[in-house]
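First comes one chain, alone, set out as structure tokens in the form predicted on its own.
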Amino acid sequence: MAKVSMAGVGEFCHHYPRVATIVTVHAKGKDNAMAAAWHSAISINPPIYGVSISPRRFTLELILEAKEFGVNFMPTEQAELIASVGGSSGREGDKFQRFGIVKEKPLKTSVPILKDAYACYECRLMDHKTYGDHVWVVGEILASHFEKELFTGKQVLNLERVSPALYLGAELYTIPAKDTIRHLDRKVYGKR
């Protein structure tokens, strides 16, 4: 198959699929949530996580005030909720009330922990910096929450028990194919 070569990135969907998350925050007496697909672990020790957020997002304003945020990893059954919080603004009203979002109690912060998430991080804001048209928000993970039965003994997501919501770009979601998991040991494949 021939590759297309072009200047720029076009629709910029080549790096998908990505696990879709809901980023949460509590500030100014309000809870807010937004969808995010641009996020990543940055460090294990200390545990640091980053999220890319448009400066137009109300959530960013609240995170900068609160100095903390949550990252909630959602199952594919919650794709409609992810799209709903991503397609609306917290400036226009309470998304938790509007979409019937159920919260659980955080351990170390005031960020909303979503009951329907299979895993969540509570993060203390460490830094934020603008890159292009987004702000990279970096937080130290102070606490994590996860449904133990959905993970293996090594805390790897068990795709036999849960399907993470995968965002393909262009408002499309999919699920991972459970029968295509392959274990490729670095010790074996690194010697090839």
Ligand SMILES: Cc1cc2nc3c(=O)[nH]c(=O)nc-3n(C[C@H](O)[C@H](O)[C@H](O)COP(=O)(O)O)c2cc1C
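Sequential numbering from 1, following the sequence displayed. Predicted model only: the values in this text are computed from it and were never measured.
The same protein has a further form, the form predicted together with the ligand, not shown here; the description that follows concerns it.
No residue of the trio Tyr49, Lys105 and Val138 has any heavy atom within 4.5 Å of the ligand in the model of the complex. With the partner omitted from this view, the residue of Ser54, Ser144, Ser43, Asn158 that lies near the ligand in the model of the complex is Ser54 [heavy atom within 4.5 Å]. Screening Ala119, Ile113, Ile101, Ile82 for any heavy atom within 4.5 Å of the ligand in the model of the complex leaves a single hit, Ile82. In the model of the complex, the ligand sits within 4.5 Å of a heavy atom belonging to Ser88. Proximity of Ala37 to the ligand in the model of the complex: non-hydrogen atoms within 4.5 Å are present. With a 4.5 Å cutoff on heavy atoms, Phe58 counts as touching the ligand in the model of the complex.
Taking non-hydrogen atoms only, His134 approaches the ligand to within 4.5 angstroms in the model of the complex. Contact annotation: the ligand lies within 4.5 Å of heavy atoms from the stretch 26-34 in the model of the complex, the single such stretch among 123-131, 26-34, 146-154, 64-72.
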